[in-house]
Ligand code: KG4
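Taking the form predicted alone, here's one chain by itself in structure tokens.
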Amino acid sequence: MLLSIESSCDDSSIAITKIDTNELIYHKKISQELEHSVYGGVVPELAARLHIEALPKILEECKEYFKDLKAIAVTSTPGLSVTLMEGVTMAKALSLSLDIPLIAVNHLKGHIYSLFIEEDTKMPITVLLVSGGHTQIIEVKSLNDMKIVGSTSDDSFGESFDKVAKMLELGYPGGPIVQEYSSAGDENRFDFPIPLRQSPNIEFSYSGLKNAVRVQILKLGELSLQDKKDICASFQKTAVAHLIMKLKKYFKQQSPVRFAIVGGASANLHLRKQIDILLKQFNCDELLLADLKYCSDNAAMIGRVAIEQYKQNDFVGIDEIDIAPRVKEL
């Protein structure tokens, strides 16, 4: 078995996975959403302190598996430096004390492999990664052959939902709240501009849309509950339309054999519906989706990547593991 640790942002998570069968033996995640909700977003220093409390508590439940462990895996990039450090520090200590190798995992690859938790991989695959920190189109041929073909120049898809929710004083995280409000709102009341409509490039941008929402909120003044629902619905419609518009440009150049949506924001039901419609237009019959409980950050997906790295002897020395807040390549 191998033990995997995830602490890239505000979720403390540890998993135990069988190497030969991909079976998830143990998985637990402690979310910090309640603690950060009062600030309208993640406070890095607070997140780091909460990891210090939560990770050892989860690890205590894993001691019975220590004798069967063959490696320790941990998210090392990308993420918040102060929170990544907490997971990496624990991983180093476990690697030294148990005398087993260390595996450094790219968090974005973790999201891609969330599709294959307790399953065999299916590749090649074209992936739309939508999360609080990233919006990317990725062509995936294998573990070590992944190419980012489109990304955001500013805010991510998930981040824009968080910021709109904050502007409307709806709480954190914004994704589920905005989706809930949208279900009872009029998506056609506000005509927000679709970002980069005239640009031929396959890239994303959400700062302009976010600003258009801010201007509309200021124009309305005191907001009623229905105003907030209509703003959420109109924003969500436009945010997803932007994704679909750019995906359509990409599909016209490179129609995928199979397609997947991963990342925390992939749980958005409106996005899933619009993607399904788009794939039918381009005769792509296979849409892969991670189980909803594995869409957001978790150690199970980190463990699934680590199995592949373990089989390739992709280990890193205690003093060689690097913490990188951002990555440009996979």
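Predicted, not measured: the structure shown is a model, and the values here were computed from it. The first residue of the sequence shown is number 1, and the count goes up from there.
Although not depicted, the form predicted in complex with the ligand is the subject of the following passage.
For the three marked residues, G150, P195 and M245, no heavy atom of any sits within 4.5 Å of the ligand in the predicted complex.
Residue contact with the ligand in the predicted complex: S114 places no heavy atom within 4.5 Å of it. Contact check for C295: a non-hydrogen atom falls within 4.5 Å of the ligand in the predicted complex. At the 4.5 Å threshold, heavy atoms of D230 stay clear of the ligand in the predicted complex, well away from it. For the chain shown alone, A267 is a contact residue for the ligand in the predicted complex, at least one non-hydrogen atom being within 4.5 angstroms. In plain terms, the part of the chain that comes close to the ligand in the predicted complex, with a heavy atom within 4.5 Å, is 258-266 out of 274-282, 258-266, 52-60, 65-73. Contact with the ligand in the predicted complex, defined as a heavy atom within 4.5 Å, holds for exactly one of G110, G185, G87, G132, namely G132. The partner is absent here, but in the predicted complex a heavy atom of Q179, alone among Q179, T238, T77, Q136, sits within 4.5 Å of the ligand. Annotation for 163-179: interface residues with the ligand in the predicted complex are P173, G174, G175, P176, Q179 [heavy atom within 4.5 Å].
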